[in-house]
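Okay, so here's just one chain, in structure tokens, the form predicted alone.
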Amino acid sequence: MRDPGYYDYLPYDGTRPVITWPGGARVAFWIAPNIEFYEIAPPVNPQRRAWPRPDPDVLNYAYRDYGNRVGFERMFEAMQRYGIRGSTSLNVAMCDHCPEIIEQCAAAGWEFYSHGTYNTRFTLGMDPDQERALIRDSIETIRDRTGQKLDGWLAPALSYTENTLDLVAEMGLSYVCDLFHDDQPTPLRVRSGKLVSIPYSLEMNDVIAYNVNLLTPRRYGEVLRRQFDRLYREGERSGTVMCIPLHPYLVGRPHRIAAFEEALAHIAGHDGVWFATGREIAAHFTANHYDAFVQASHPVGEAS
């Protein structure tokens, strides 16, 4: 059995160092809207097809473009109503395709982190220099178009190489969202610097909820509330993290938006919730808890 060695082992059993969030919050809550562009005829990657149907896959291209034309506005308005800033998981080509969306997010104080250039161009098969160039393009595009430093990484279409984590850390980023393995932040093993994984839940992701698990909007809203309620209860002892990853072409449909709005009302109705960005969660954890978690952890397969 091979373990990739991305992180050490620290069970969620009451022996972990206690996480304290700003203001004594129980839950660090963040929303990660995926603001994406899907090319109708992307370059071919030999390891993975971009579209399930033959090119040109007009059906899937237009289905996703609904998010940039319509769904984004519904999602944005709901988040604004509750004063929640987004942490934008950005295909940086959106800065050219739909600059109005980028400007709107920036004006609202949203964070931008990278989800690659296009969601139809994968890192699969890239050598280190190619992947460095991809990361560098995100760093420069986000800096030039929004004025922000790039701190976070979510691989395009969740496609990784064995070098990704080391390269992300090497190039000065501070957190990643791709590992899905915990409800609290985790220090990662990298060749240089400090890198943190922060929770980004697949089960709360509207793609998984609607397209894989085939939930109804009402059921999805219930799932979001139950996730929050449990993490809120456990967060009384040590701070937890809840993330809602979103895609405007799904959550922003007329028949689905109300379920999302109702979940936000439920969460916003509680004291002790830190409405944060990914950058803020990673920075607070790294400054206050990173070293204690490293010292308390041990390599997978070794007793503590």
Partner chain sequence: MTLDPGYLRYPRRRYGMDHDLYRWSMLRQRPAVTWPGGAKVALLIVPVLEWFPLDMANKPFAPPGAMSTAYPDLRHYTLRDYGNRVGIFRILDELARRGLKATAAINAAVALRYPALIGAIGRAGCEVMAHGRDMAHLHYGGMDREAERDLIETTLDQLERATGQRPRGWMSPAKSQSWATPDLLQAAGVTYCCDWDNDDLPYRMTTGTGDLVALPLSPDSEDQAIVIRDHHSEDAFAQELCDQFDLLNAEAVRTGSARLMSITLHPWVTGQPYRIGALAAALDHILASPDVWSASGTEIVEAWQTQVPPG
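Note that the coordinates shown come from a computational prediction; the quantities given were computed from them, not determined experimentally. Residue numbers count along the first chain shown, from 1.
Below: the form predicted together with the partner chain, not depicted.
Site annotation in the predicted bound form: the residue of 200, 220, 232, 72 reaching within 4.5 Å of the partner chain with a heavy atom is 72. This chain is drawn without the partner chain; in the predicted bound form, the residue among 139, 108, 207, 98 with a heavy atom within 4.5 Å of it is 98. Shown alone here, residue 228 lies farther than 4.5 Å from the partner chain in the predicted bound form, counting heavy atoms only. Taking non-hydrogen atoms only, residue 61 approaches the partner chain to within 4.5 angstroms in the predicted bound form. Mapping the unseen interface onto this chain, residue 125 counts among the residues with a heavy atom inside 4.5 Å of the partner chain in the predicted bound form.
Heavy atoms of residue 157 never reach within 4.5 Å of the partner chain in the predicted bound form, leaving it off the interface. Taken together, the three residues 11, 181 and 189 lack any non-hydrogen atom within 4.5 angstroms of the partner chain in the predicted bound form. Considering the partner chain in the predicted bound form, the lone stretch of 168-176, 147-155, 181-189, 72-80 in range is 72-80 [heavy atom distance within 4.5 Å]. Applying a 4.5 Å heavy atom cutoff to the partner chain in the predicted bound form picks out 214, 215, 216, 217, 218 from 212-228, in order along the sequence.
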